[in-house]
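Encoded as structure tokens, the following chain is the form predicted on its own, with no partner shown.
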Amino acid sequence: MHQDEQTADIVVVGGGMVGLSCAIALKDRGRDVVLCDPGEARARTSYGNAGVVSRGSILPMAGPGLWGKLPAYLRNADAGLRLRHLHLLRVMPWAAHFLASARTSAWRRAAAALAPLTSAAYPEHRRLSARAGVPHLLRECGWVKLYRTEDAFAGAALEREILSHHGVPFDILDGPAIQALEPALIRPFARAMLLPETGAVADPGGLVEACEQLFAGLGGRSLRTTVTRLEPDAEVWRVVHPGGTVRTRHVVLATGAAAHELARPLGYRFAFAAERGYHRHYALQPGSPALNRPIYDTGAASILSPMGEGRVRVLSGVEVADRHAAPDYRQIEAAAREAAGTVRLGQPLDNRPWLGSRPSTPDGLPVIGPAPRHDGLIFAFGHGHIGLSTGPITGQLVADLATGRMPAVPVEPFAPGRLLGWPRL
């Protein structure tokens, strides 16, 4: 054996919340696990998340309301979506099927598939954060969707109907009740929907770092490297990186928006895109009440999330662009201007906004399951906006699949084969 070659029972490629959760769950099942990740904390999408862990996160972006907003989206006149038009040709298969998924029937199917996953998300987060020694980073405080007008609230009736159908509790608040719930708000809102069965992670990056330490404490091995290719070799896999290889019988691909770079050489061409998002931290002005929970201002299509120590994270809408394109800060700057009219924002606490790429599938469902044409390869990516939220339960499902157990949550709707053969409409 060469010095640069290692062996393992299973290699997990990707060290965000999904990959780490998979690695920890597999160690719990007695497997010898190697985790491959460059170790750049700020580069992980999990680092930049809003920290929302909600049972109600069952409705993908591609909903029936998209069609009415499409002209504004195409002109970059809506805060919720910014297009880099020169990059659209690269994501045309995704875009075509994203639009095809913007139907009521598809929205209902996606909600039915996601409901069991998101229902298990908070209990798994609570268990994992306790094991990692950071239970204080997670609290069940609910989160709020705010509507500036009665018309905007009425336009979300289908969302509320679907949430009710799946037993997701929520409370409807009027203006005075909103102000009583969140005294930090200075903008008047007509209505709000409070989803109480929701947790908030005060420091997503800190949680991921704690999970890294938990994995190491369990005897897991980490390689701080970028995997360049996956090579099937008889009954084993060769996981190739700049420093050598790891020979293993099983591989979990959990590299988020970068997954296609390793899957495509194996013949898997998924309709896939990177939904880029920005955030920046701000202090609240002296004397301002604290923000108690994450809030989503639907009128600005942006989220404000408390991050502890007097920090508020302002998160932008979605930018569709090449994953490696240079940042365009106009969207987050607009979100910050709107946020300054919602709470009393003080000075920015970061030198520049953060940028990350969410892995997006057209139907809004993650890809979780065995690769159709390669034994020993399991996919676990494409979680979109809910990767941090559903990472721990995804780890349990992947460990079930890798060890021959019946998954605790139905994974058939997330099967990789559903996206192969696209673009067919």
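All residue numbers refer to positions in the sequence shown, first residue = 1. Note that this is a predicted model, so its numbers are computed, not measured.
Although not depicted, the form predicted together with a small molecule is the subject of the following passage.
Note on the interface: of 25-33, 61-69, 42-50, 368-376, the segment with non-hydrogen atoms within 4.5 angstroms of the small molecule in the predicted bound form is 42-50. Taking the partner from elsewhere, every residue among P38, T255 and L315 has a non-hydrogen atom within 4.5 angstroms of the small molecule in the predicted bound form.
Under a 4.5 angstroms non-hydrogen atom cutoff, the small molecule in the predicted bound form lacks L114 among its neighbouring residues. Proximity of R55 to the small molecule in the predicted bound form: non-hydrogen atoms within 4.5 Å are absent; the residue sits far from the partner. Taking the partner from elsewhere, W354 is found to have a heavy atom lying within 4.5 Å of the small molecule in the predicted bound form.
Interface residue remark: G277 is counted as part of the site for the small molecule in the predicted bound form, having a heavy atom within 4.5 Å. Here is the short version: of Q179, T226, S288, N292, the single residue with a heavy atom within 4.5 Å of the small molecule in the predicted bound form is T226.
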